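Below you'll find only one chain, the form predicted on its own, shown as structure tokens.
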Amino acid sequence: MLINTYFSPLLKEEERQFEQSITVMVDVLRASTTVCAALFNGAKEIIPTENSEQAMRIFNGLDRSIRFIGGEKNLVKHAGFDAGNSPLEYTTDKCLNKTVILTTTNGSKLFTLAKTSKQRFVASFANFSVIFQKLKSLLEENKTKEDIQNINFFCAGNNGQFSYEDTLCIGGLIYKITQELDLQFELSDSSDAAKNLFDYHQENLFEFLLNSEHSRKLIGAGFQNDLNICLAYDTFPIIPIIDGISIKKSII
């Protein structure tokens, strides 16, 4: 089985590229963590959109009692939105039983990729362990079915560029998969690099990530508390699954 890692979501998909794949989408800072927070706190579903105009159109078509709109562009909350992209804003009193419309600089576009995959999950450090357990279960089941040929990991990156936080989260998942599962895996160069980078930094992982480019931007914009949530293991232990155009909480 081949494990692929894409450091950026900027790729041209081939027609049947992901048909026999499991795909995992990662935007640690902050969309993946915000998705986990909203669903953990009772949101019915999350609809990711590519821009604020599309988000507002969907929002305006929903009943007032069930809608919540959130998002940002370059760390700034859109005018008229209920929230930005901080996981701390998606609390139970705001999200319970709501359809959340979300648009962000990097992550919401990411969640629309690889639609032909057998299953698509949203991952972060905030749900790291349950995502690993889900992947482990699916891969062990596949020993007899043999209908999954690839695992694809996607980084949201930072405006199309490489990001440490997404790569190290993915590298940690690849590290555990290859260490703990008695299966034969082939790693692409990018997957091997992500795994090795995680292995090198795992003893001081979060101290290292606090100095990443995106972390520094968040600190400068006053979002230090977001980092405390986003760069911690298993804060929101749920499995978000992308189902059509929306993201929902999966039954583990």
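One-based numbering along the sequence shown. Model, not experiment: these values are computed from the prediction.
Note that the form predicted together with a small molecule isn't included here; everything after this is about it.
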**Message:** With the partner left out here, check for me: in the model of the complex, does some heavy atom of G107 sit within 4.5 Å of the small molecule?
**Reply:** yes
**Message:** Test of understanding: in the model of the complex, would L205 fall inside 4.5 Å of the small molecule by heavy atoms?
**Reply:** no
**Asked** Going by a heavy atom distance of 4.5 Å, is L75 a contact of the small molecule in the model of the complex?
**Response** yes
**Asked** Taking the shortest heavy atom distance, is V35 within 4.5 Å of the small molecule in the model of the complex?
**Response** no
**Request:** Determine which one of 60 to 68, 22 to 30, 192 to 200, 39 to 47 lies within 4.5 Å of the small molecule in the model of the complex, judging by heavy atom distances; exactly one does.
**Result:** 22 to 30
**Request:** Work out which of L218, M56, L187, L209 lies within 4.5 Å of the small molecule in the model of the complex, going by heavy atoms.
**Result:** L218
